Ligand SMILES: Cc1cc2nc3c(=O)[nH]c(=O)nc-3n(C[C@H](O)[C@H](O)[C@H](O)COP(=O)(O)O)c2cc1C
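Only one chain is given next, in structure tokens, and it is the form predicted on its own.
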């Protein structure tokens, strides 16, 4: 079983990826998407995937594009950095993205996907994998897109069982997965992976039992909530003391590295609060924990409060 970290803007940067790798369990790390704007790639996107700071990690860059030239520019750039695979984002649901026929917003236009892939394959040797939703307006949109992908050299299709219009609301449509996942696997000429609302090891095992052909799970928010989730899916058991110690090391390392990167206490506290919106779910009283973190007004207070929480507050049943 291969487990990967999903690409998450604002969360799964190089600092998070490399620190999570110290816990283990995750085999592949998908970097947040790279986008061409005004004919240029933002230097920040390239800095995040620089090989020298991702040493020892299997990282796959991701691209958000709907034009061949933009895809080729990103492919050429990451290829020069030594990457051999590029993941194409056909899943981002945010309206500012989708309304421009990017991400999930491109799914209703299979002919455009076909044309772009044809032009791209004629000019680039880099392998392409696809991360996609079932559709943007309807889950039925997956079938014509799947027909298109079958005509091209796609390394893997990673399916998230929501439509774009859902954003991240509600639950991923697991109710249809026992029926639709085998059909997707059967209809696909390429390997199919699963992504979406895998929050516990039990959920992962149930999904794999129902879909034995799936050998790759991509996990996003589940690994933000519980950094030990990949280990647990693979059968590792940690006692409470081990979890507290490793969780403390994990959060302190990320905080220390973010403190060195960010300018000013305000930016640091804001950044760490976004992480604790997920990390607080490791504790039984997550709302109280998050409230305490939000009330921190200095770097010293942040480290004092989070150390106290990590060492003393009861862990949730999920942890």
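Positions refer to the first chain, counted from 1. For clarity, every value in this text was computed on a predicted model and none was experimentally measured.
FYI, the form predicted together with the ligand isn't displayed, but the following is about it.
**Q** Of the options 117, 219, 145, 201, which one has a non-hydrogen atom that comes within 4.5 Å of the ligand in the predicted bound form?
**A** Exactly one residue meets the criterion: 219.
**Q** Just to be sure I understand the contacts: of 9, 298, 304, 311, which is the one whose heavy atoms reach within 4.5 angstroms of the ligand in the predicted bound form?
**A** None of the others qualify; the residue that does is 9.
**Q** Would residue 226 count as touching the ligand in the predicted bound form under a 4.5 Å heavy atom rule?
**A** So residue 226 does not count as contacting the ligand.
**Q** Would you please decide whether residue 121 lies within 4.5 angstroms of the ligand in the predicted bound form, comparing each non-hydrogen atom pair?
**A** Result no; residue 121 lies far from the ligand in the predicted bound form.
**Q** Look up in the predicted bound form whether residue 62 has a non-hydrogen atom within 4.5 angstroms of the ligand, and give yes or no.
**A** Judged by the heavy-atom cut-off of 4.5 Å, residue 62 is in contact with the ligand in the predicted bound form.
**Q** Applying a 4.5 Å heavy atom distance criterion, does residue 129 contact the ligand in the predicted bound form?
**A** Residue 129: no contact with the ligand in the predicted bound form.
**Q** Tell me which stretch of 283-291, 251-259, 29-37, 264-272 has a heavy atom within 4.5 angstroms of the ligand in the predicted bound form.
**A** One stretch meets the cut-off, namely 29-37.
**Q** Which residues in 144-166 have a heavy atom within 4.5 Å of the ligand in the predicted bound form?
**A** Going through 144-166 in order - heavy atoms within 4.5 Å of the ligand in the predicted bound form - there is one hit, 160.
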